[in-house]
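Taking the form predicted alone, here's one chain by itself in structure tokens.
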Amino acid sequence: MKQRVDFRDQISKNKMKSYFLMVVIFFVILILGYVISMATDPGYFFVIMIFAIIFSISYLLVNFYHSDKIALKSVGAKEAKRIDYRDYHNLVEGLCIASGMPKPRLYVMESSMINAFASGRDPEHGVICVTKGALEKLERRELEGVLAHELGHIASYDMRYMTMVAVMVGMISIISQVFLRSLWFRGRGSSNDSSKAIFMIIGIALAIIAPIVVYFVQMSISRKREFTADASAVKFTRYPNGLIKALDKIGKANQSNEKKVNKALAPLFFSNPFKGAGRTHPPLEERINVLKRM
């Protein structure tokens, strides 16, 4: 008999794993910075850091305050008016009462796929967007499970966490690129300091490897947040079968790639809208197995 999983433990465990992975990215920044400063000089690395921080904070501010508008516009979503989507509004309102959350703004996007996403910097500015395919193909309790999952993302401030992670990953990419490109302008002059030469070799290796490593860490954080949102959906509905059936239906639907979706938005969606690009989401079977134990 499989061990039961309490949704509260699942939420807590995956949040702690997400925090740990964010610490890993932070330490990669420190290690990369130390090696580059030892290979060159601290003043040089300080200039790179200032540039990376300014660029990353600018990126953070734009995405943090306009994430919902950017996501909705990129998929051509339209506002879901109550007169046209009464059941959609009723389900979300019921979930908001159960969760104690403010009602997010509701949108619909033209797509035959079964999918949805949430965005917004906090619950007061949250938005949920579902595909027409989800509204047409999912039964009421299945759709409720999907909507509860998206509310879980909003309740956990996932957009805020993922934006912070994106900024940290962006800083590593910028630092690595500036360092590697600067080597072309440093000339062929060799240093008599053997320790600096060793640090230079290590720095080049780290500058190449670090962006790849933190990319996979970023995708791992995204997967942990999906498990957390699934557990939150069970917390709000107390009915895991609705979400299980929705995931099972998606798995059997043989959905085609969604051409309208920018790949940068894939982590936002309920299920990955691209075939063969599952790094942003756990496998459907794994999510279903965890839900069955709740």
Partner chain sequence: MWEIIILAIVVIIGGMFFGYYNRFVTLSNRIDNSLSQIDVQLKRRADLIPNLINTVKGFAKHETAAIKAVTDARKALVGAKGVEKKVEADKKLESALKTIFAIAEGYPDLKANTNFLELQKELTSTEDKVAYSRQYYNDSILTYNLLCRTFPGVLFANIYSKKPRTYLEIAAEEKEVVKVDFN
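Since the model is a prediction, treat every value here as computed from it, not as a measurement. Positions refer to the first chain, counted from 1.
There is another form of this protein, the form predicted in complex with the partner chain, and it is not shown here; the text below is about that form.
- Site residues R86, I97 and R140 are all in contact with the partner chain in the model of the complex, judged by any heavy atom within 4.5 Å.
- In short, of 66 to 74, 29 to 37, 234 to 242, 221 to 229 it is 234 to 242 that has heavy atoms within 4.5 Å of the partner chain in the model of the complex.
- This chain is drawn without the partner chain; in the model of the complex, the residue among E79, E110, E93, D122 with a heavy atom within 4.5 Å of it is E93.
- Using a 4.5 angstroms threshold between heavy atoms, E144 counts as touching the partner chain in the model of the complex.
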